[in-house]
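Presented below, as structure tokens, is a lone chain in the form predicted on its own.
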Amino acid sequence: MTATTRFAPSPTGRLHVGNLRTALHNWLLAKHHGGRFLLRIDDTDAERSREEFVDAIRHDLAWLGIVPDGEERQSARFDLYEREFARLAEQGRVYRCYETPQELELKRKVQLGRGLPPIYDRAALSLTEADHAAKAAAGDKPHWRFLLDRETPVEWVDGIRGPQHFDPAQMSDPVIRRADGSWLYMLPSVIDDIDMGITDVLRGEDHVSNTATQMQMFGALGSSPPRFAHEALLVGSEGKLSKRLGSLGIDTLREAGIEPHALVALLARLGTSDPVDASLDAGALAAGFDLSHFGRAPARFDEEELHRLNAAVVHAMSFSQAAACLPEGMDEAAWLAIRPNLAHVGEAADWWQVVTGPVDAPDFDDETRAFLAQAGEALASLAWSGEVWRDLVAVLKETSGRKGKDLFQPLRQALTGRDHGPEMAALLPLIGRDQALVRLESAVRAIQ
């Protein structure tokens, strides 16, 4: 099977995690089958679409490592929409309507009150050409609806949800064009899918009813529909739909120090039965991507899990991968020493400050100050090497009688100003002999 998929965002705002998951899954589906992944910018809404958001979409996808094999802009395809719209008009599959939103809402309330489905009653189909002429003379402009075939059931086998059945007699003819001539989503999307050769449409389950309508549009335009699959929507870690998920964008995640690989690892498997594995690269994720592994249950997005994954990714990063984000002067030895204590690369600057100083040691009691003075004397007499911490500890165990936390904790506090952190065996050589002696002497003098 070959596959051509697409991601079709509207540039009316920044992408959020739900959009990103859709883009990633379509990209993985295409790559799994050795196919193509296309970016389609749905910018038919000229009033709300902004070029800055188009640039942000491209930038965010690139940050995740998602590289489209082609790009289209709906705003450049209006001539195509006009031609296909004219074909539908010749077939009698589109018709003019004039009801206001208030009139339509009143009709819906009446239908619901009678126990009927709240669908459009097709009153506009009874208008004559004279009626249309009169409305035009009065300055009334029509909006346009697509005429559904209410005799033929709509059926397809969904790639995730299985067999789907819709009764078109219970469906409303969709508005496809506004009175000002602008396009709504439904028809241009179908025209584009046909023209761009889209074979697979993977999107959220909130689009299932749209798919039922669009299946008839494909037929009216003389084309077989693509394969459709609808995945469960994201919910928060508490198991409920979260408003935060609707605004949690890549810019927010980047500012929080999330690595793109961690986000890809989580979103790639979200909603499937496959375990999340931060060690898998994009090729491995694509190779294992399988729609049959998706479930119907809501896909739970857990920010805590994302941060845990991020830590795993950071702990596996080489110096060359992290170097561009590290503070000036921090070398590979420092990175390897500090890396195990990081959840985000940006935290390296805090630990590098521990190395370069200054640090604030706590106030020690007299007994501890005496021990630290002893440590300074011992350190001054030792040969400086990569094993200096081991040698210092060995001397102090013998001369002070201290061991365990009583030995290690005061040294760590005096040398780093922290109660915990990277291994001192790695930190002390980075701090350096002179600076270490200064810190020990300072800790001894602190309350004298």
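In case it trips you up, residue 1 is the first one in the sequence shown, and so on. Because the structure is predicted, anything quoted here is derived from the model rather than measured.
Just so it is clear, the following notes concern the form predicted in complex with glutamic acid (GLU), a form of the same protein that is not shown.
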query = Would Arg203 count as a contact of glutamic acid (GLU) in the predicted complex, using a 4.5 angstroms cut-off between non-hydrogen atoms?
reply = yes
ask   = So in the predicted complex, does any heavy atom of Arg40 sit within 4.5 Å of glutamic acid (GLU)?
value = yes
key: Any non-hydrogen atom of Ser10 within 4.5 angstroms of glutamic acid (GLU) in the predicted complex   = yes
inquiry  = in the predicted complex, is there a heavy atom of glutamic acid (GLU) that lies within 4.5 Å of any heavy atom of His207, even though the partner is absent here?
reply    = yes
request  = Please determine, with the chain shown alone, which of 312-320, 182-190, 272-280, 298-306 has non-hydrogen atoms within 4.5 Å of glutamic acid (GLU) in the predicted complex.
outcome  = 182-190
